[in-house]
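Coming up is one lone chain in structure tokens, specifically the form predicted on its own.
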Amino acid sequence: MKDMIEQYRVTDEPYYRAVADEVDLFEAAYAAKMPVMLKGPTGCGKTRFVEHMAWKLGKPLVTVACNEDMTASDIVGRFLLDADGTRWQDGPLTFAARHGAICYLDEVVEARQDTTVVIHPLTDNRRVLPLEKKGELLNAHPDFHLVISYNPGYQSLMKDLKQSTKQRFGALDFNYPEHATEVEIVAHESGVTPEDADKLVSIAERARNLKGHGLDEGISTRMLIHAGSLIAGGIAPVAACHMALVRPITDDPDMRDALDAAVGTYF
């Protein structure tokens, strides 16, 4: 079992550039056993932040990529059949609660609301997880911590967290970093020159101004790192930007032309 836990430990420090007091606030929330909700657009660093904090706190990190087909059994656990009959298999949430890991439910709004309700007993002073199928009431390990993330830009009447869920968490807002910080991140993570990183960030800032005016989402920091990696690998900057920045976010010909023009302005 110790070997299973160790595979979730973050052994190498993930690069994360703090932009405000989010590190101190997360540490305080962990000490207070307060669940944390990370809110922000896709690709702005929420997952990297959780990885960094798991490394900094020295705790294993169990990550669950939520989706609309995910059932409560997928995160809590189920009975399985094997050669000896039936056996119980902990789900990722139960595993983390039992062994004192950080459990990160990524894009939790994608999960069905009847699934997310199962986390409620873990998010108040009870810190318990009822395993109804097994007939067990699991008391969470003292080191267990629950973190969720979601993108408020995608919320709708049919796809949003219930207030009864939101109010159980402390929340940290994330967004794309300011220009100089984002340039530093892109250059560090992709290996591209600071000059080219500056151009990539400038393109992204133009695209982000089009959000809600033809684009559902702007160009994320993650996408800039992808483009920078291609450029650092020898791909021509314009081709790299077309592949990593423009083509993934829109199929509209006019919007592509506008973004291609922005690329041409800088490269």
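All figures in this text were calculated on a predicted structure; none of them were measured in a lab. All residue numbers refer to positions in the sequence shown, first residue = 1.
Quick note: we don't show the form predicted together with a small molecule, though the next part is all about it.
Shown alone, this chain has one stretch from 65-73, 35-43, 194-202, 228-236 that lies within 4.5 Å of the small molecule in the predicted complex by heavy atoms: 35-43. Shown without its partner, this chain lists Arg48, Arg206, Lys59, His242 as candidates; in the predicted complex, only Arg48 has a non-hydrogen atom within 4.5 angstroms of the small molecule. Exactly one listed residue, out of Val118, Ile185, Ala97, Leu161, brings a non-hydrogen atom to within 4.5 Å of the small molecule in the predicted complex: Ile185. In the predicted complex, the small molecule lies within 4.5 Å of some heavy atom of Arg17.
Though the partner is left out of this view, Asp143 does not reach within 4.5 Å of the small molecule in the predicted complex, counting heavy atoms only. For the chain shown alone, Asp90 is not a contact residue for the small molecule in the predicted complex, no non-hydrogen atom being within 4.5 angstroms. Of the heavy atoms in Glu189, some are within 4.5 Å of the small molecule in the predicted complex.
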